[in-house]
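As a starting point, one isolated chain is supplied in structure tokens, in the form predicted on its own.
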Amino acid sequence: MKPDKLLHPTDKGLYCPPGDFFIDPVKPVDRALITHGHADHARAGHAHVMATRETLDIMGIRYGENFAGATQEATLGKAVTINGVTVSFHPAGHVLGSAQIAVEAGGTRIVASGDYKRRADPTCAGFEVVPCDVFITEATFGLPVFIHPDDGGEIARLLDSVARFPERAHLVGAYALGKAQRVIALIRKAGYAETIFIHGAMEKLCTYYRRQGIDLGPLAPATIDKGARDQFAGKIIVGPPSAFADKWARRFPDPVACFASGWMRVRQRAKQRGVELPLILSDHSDWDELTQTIRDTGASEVWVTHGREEALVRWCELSQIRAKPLNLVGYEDEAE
């Protein structure tokens, strides 16, 4: 079967005509297969949703129990058949529950990666290479300038700053799903045992991660007692980036503004956000990891989506791999 007959882009998202299902659709559809729980990939309102148990749970936390008409749990590595099309889910290493989706029919296998990263993450299963004919890759950091540093080194910079400025609170901006829990887990891995304070928007997801056996250590709400601004001096507070723009952030004593994101590689972005301590921590693959993954899959054709598509398409062409941009709309860098 020709690849574009098996999967092709539509205004609702990637569609599989023979299987009559969509992958990460951006509009309500009858049957949706979801790679992970970030809002630009997992939307409410579909008649039927298939995803990993963790992604279904996360969608329930974010959207309420009735986020879909019906749900079906996908077991990692287990193939199922949908209208004659074989489908299987495989770890993507992006956030808890994230999966690549392999679609196979007529001797052609296409793997839709969703979002993915290759480096080890204490909060989710590691990326699994799935051999395929066509690999659909994200390109969030699809430029050679994006080479992510060692995670441990970035956390060491944070903890060094905490030690050097005991009179200041350190506010770490991190997205509520995936990034926040990963940052906390990495801080614990580095040996920091004190209570970490979290914004209320992160409470439910952090609780869910802990129920899945992920050790985040002692956490407490970042609630300031009246007249006790200095109670957070020398402490680490983790909150969503949006909270840093409102009065919540101004409650803390002389805060050090930190932001954990792959975009902190770009100095201008850090400056625009008023970030004093940029932490280059990404839940997406960097340039070297993207290109290595394409090689590892053995795909003879690559489709590139949501990101810096042109550079990665060009790299594929120079490597004698057929490639094209999918130009899908509706996918942002929420996870960063």
Partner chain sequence: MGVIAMKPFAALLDALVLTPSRNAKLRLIVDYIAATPDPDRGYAIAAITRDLDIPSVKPAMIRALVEARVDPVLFGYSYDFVGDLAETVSLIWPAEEERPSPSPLRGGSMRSVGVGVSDGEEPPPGSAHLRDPHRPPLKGEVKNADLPLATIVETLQISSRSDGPRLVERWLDALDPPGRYALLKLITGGMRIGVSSRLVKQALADFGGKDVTEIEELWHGLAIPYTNLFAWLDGTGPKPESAAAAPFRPVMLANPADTEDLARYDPADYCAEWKWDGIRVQATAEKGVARIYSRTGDDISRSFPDLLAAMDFEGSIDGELLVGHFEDGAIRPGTFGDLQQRLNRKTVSAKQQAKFPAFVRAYDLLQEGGDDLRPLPFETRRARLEAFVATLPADRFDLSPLVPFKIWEEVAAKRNAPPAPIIEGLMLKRRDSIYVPGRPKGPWFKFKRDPFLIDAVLMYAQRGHGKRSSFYSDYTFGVWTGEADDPALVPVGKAYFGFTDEELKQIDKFVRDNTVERFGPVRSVRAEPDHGLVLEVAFEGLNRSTRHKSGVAMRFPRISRLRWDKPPFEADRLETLEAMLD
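Positions refer to the first chain, counted from 1. Every value quoted in this text rests on a predicted model; they were computed, and no experiment measured them.
Omitted from view is the form predicted in complex with the partner chain, to which the following refers.
In the model of the complex, at least one heavy atom of A120 sits within 4.5 Å of the partner chain. Contact between R265 and the partner chain in the model of the complex is found at the 4.5 Å heavy atom cutoff.
The closest heavy atom approach of S319 to the partner chain in the model of the complex falls within 4.5 Å.
Of the heavy atoms in V275, some are within 4.5 Å of the partner chain in the model of the complex.
Relative to the partner chain in the model of the complex, residues D288, R308 and R314 are all within 4.5 Å by at least one heavy atom.
Here the chain stands by itself, but in the model of the complex one stretch of 143 to 151, 107 to 115, 192 to 200, 73 to 81, 143 to 151, has heavy atoms within 4.5 Å of the partner chain. The partner is absent here, but in the model of the complex a heavy atom of A270, alone among A32, A270, L56, A299, sits within 4.5 Å of the partner chain. Checking V85, A249, L159, A102 for any heavy atom within 4.5 Å of the partner chain in the model of the complex turns up a single hit: A249. Annotation for 168 to 201: no interface residues with the partner chain in the model of the complex [heavy atom within 4.5 Å].
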